[in-house]
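Okay, here we've got a single chain as structure tokens, the form predicted alone, with questions on binding and movement later.
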Amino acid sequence: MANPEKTFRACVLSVVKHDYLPRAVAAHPRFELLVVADDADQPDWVHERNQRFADEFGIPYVRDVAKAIAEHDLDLAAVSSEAERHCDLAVRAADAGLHVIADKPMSTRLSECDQLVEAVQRNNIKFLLWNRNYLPALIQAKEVVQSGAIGELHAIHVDFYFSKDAGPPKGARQPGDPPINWLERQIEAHADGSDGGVGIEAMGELQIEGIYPLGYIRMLTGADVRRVFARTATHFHQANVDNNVDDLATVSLELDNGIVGSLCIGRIGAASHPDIGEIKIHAIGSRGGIVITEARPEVSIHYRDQPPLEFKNKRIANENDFLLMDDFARALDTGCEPILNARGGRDIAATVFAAVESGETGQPVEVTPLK
């Protein structure tokens, strides 16, 4: 067993999306940020964001990943790059002997997810894919299901609607206007935190956020998804229309052990909901069922001159980020697996890609198993 008092030393490999992941690493007393690193051939906007984060934390920014790893005594890497670079950076870190925490989605290609699983196994390192499974509502849902209070689990459904905008609404582009460039839109969206799909490759809501509801389903059922049937649409946002990716989807799931599942997911726009969105878990067992709202517990805050776009409902008792880092420290201390490891992340990615294919073809699709 490792020393439970050890402080783990981390590098940050790219900080171009939401920086909640490296901030969570820095906020936990068992972890310390030493350096930010990225490849020298990245565009200026990437270097600017990396440098800004490094300056805030008073650590160097090195434009050479291999050099940064070689020159610092590191235990792990935190990867928060564009989605299409997640696996490349994670594999390079793993091959250098570093444990890895990576932001979602795992990758834009299933083949890269498979390569990452292999690298994690080959180098005997720990990998955590960022998730929301330690939200209070998820902890309670897990306790209810595992206690047997609703009997044997038969079916599970998750509503996962984010009431965030994604640029101009559908229909906003006038004749003769050029289509919205995905990366340019994501760079612009960084200011208000709606840049979850940052990267050159356009991603629909299934790819960007599908890990969350599928992570809930995987944790609560403990079962693999075998086959999916999906309906996808571009209903709300012009950027999604112009880049031919979904912003609304329904997915039916056939899981092991005879369990059936489903999810509804969408980025439904700020005007559609007074809170962050409609996010609920429905579970049906042999003895009863539960419905748990993911945002609870929360308080509503109203005051004079409140900005119209400020969320009125505030989550409380949310220690998800801290508990994820606690979970990762425990994995490093004891050798156990993190709450969402490389294999779990890969299987969720395979389910997402199958759902996207099903939405395009209108046919059920088998989830590709790990070879």
Partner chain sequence: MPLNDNDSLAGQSLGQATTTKSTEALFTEQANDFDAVVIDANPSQAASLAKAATALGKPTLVGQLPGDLDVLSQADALLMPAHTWRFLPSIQAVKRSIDAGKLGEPCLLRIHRWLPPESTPESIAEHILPDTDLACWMFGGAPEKVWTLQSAANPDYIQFHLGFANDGMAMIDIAGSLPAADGYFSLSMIGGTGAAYADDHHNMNLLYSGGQPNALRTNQGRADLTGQLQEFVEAISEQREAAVTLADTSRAAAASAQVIESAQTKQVIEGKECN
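Residue numbers count along the first chain shown, from 1. Being a predicted model, the structure only gives us computed values, none of them experimental.
Omitted from view is the form predicted together with the partner chain, to which the following refers.
- Residues of just one listed stretch (87-95, 102-110, 122-130, 283-291) have heavy atoms within 4.5 Å of the partner chain in the model of the complex: 283-291.
- Using a 4.5 angstroms threshold between heavy atoms, Ala172 stays clear of the partner chain in the model of the complex.
- Of the heavy atoms in Pro4, none are within 4.5 Å of the partner chain in the model of the complex.
- Proximity of Val251 to the partner chain in the model of the complex falls within the 4.5 Å heavy atom cutoff.
- Remark: Ala202 does not count among the residues lining the partner chain in the model of the complex, judged by a heavy atom distance of 4.5 Å or less.
- Arg296 is the sole member of Lys142, His72, Arg296, His190 with a non-hydrogen atom within 4.5 Å of the partner chain in the model of the complex.
- For the options Asn244, Gln146, Asn181, Ser272, the residue carrying a heavy atom within 4.5 angstroms of the partner chain in the model of the complex is Ser272.
- Taking the partner chain as it sits in the model of the complex, the stretch 231-251 comes within 4.5 angstroms of it through a non-hydrogen atom at Arg231, Thr232, Ala233, His235, Phe236, Leu248, Ala249, Thr250, Val251.
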